[in-house]
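Single chain ahead, written as structure tokens, the form predicted on its own.
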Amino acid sequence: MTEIPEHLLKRAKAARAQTSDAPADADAPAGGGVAVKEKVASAVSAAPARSGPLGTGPGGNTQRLLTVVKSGSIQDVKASPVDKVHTWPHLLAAEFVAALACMSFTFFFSVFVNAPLLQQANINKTPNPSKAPWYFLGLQELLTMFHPMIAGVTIPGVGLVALIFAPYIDKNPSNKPEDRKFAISLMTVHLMFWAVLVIIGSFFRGPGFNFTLPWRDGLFFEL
């Protein structure tokens, strides 16, 4: 323990002597002033002594708290995970591999499947059936079911507007399929609707663009 300095002991003894020799105040309660002074003197004598100026330690050191306490115990530095990656190499590398895969598939497909040019068009002889390219066969299939205004403008327009507003309706930033049920459902319905129309127009439409069965009447479709 730290010893009490000599000057504080002398000050406490002098305070006790003065309180014992001084007469009690006539207006104050008996023994009240003496008791207060004795408590003050005892508190001074019992207080731990300082060996230096105010703010110093027992040995006179003046270290600050931040220099004594380790920074790791008061600074909680943790790297929070961020759902972002750099464009290079993460994104561009994946896109480059996908482009190579598509190019390879197209190359080998063109080797094994012939796609000859047809003869020059004859304005006096219209081919039967007359079909649009496969990516427009869905629209041609709609024209057999609805009025041209509905099949060519209304239905495709509603589909495009729904796809345009889909990111503003579903604002979920997650890229997990289980968290994007609305967006995935909307895109699945759109693709399946158009794919079914293209398949019907390609394989189930014969002369006069009438419905036919390919395994019975043959295939009226060319790549």
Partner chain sequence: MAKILDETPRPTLKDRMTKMVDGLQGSQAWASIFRPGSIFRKGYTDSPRNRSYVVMNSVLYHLHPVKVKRHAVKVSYTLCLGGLSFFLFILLTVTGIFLMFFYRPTDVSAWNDISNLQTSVAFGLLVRNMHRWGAHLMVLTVFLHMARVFYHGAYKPPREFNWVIGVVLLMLTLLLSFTGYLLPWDQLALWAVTVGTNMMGYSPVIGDQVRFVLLGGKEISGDTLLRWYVLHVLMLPFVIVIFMAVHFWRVRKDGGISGPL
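By rigid core we mean the largest C-alpha set that fits within 1.5 Å across both forms. Positions refer to the first chain, counted from 1. Predicted model only: the values in this text are computed from it and were never measured.
The form predicted in complex with its partner chain exists for this protein as well; it is not shown, and the discussion that follows is about that form.
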Q. Does residue 187 reach its partner chain in the predicted complex, with heavy atoms at most 4.5 Å apart?
A. yes
Q) Should residue 157 be counted as a contact of its partner chain in the predicted complex, where contact means heavy atoms within 4.5 Å? A) no
Q. Is there a heavy atom of residue 183 no more than 4.5 Å from a heavy atom of its partner chain in the predicted complex?
A. yes
(Q) Since only the chain is shown here, I'm wondering whether residue 197 would be in contact with its partner chain in the predicted complex (any heavy atom pair within 4.5 Å). (A) no
Q | Sequence-ordered residues of 117-131 touching its partner chain in the predicted complex, heavy atom within 4.5 Å | A | 117, 118, 119, 120, 121, 122, 123, 125, 126, 127, 130, 131
Q) Using the core for the fit, does the CA position of residue 165 change by 2 Å or more between the shown form and the other one? A) yes
Q | C-alpha of residue 118 moved at least 2 Å between the shown form and the other one on rigid core | A | yes
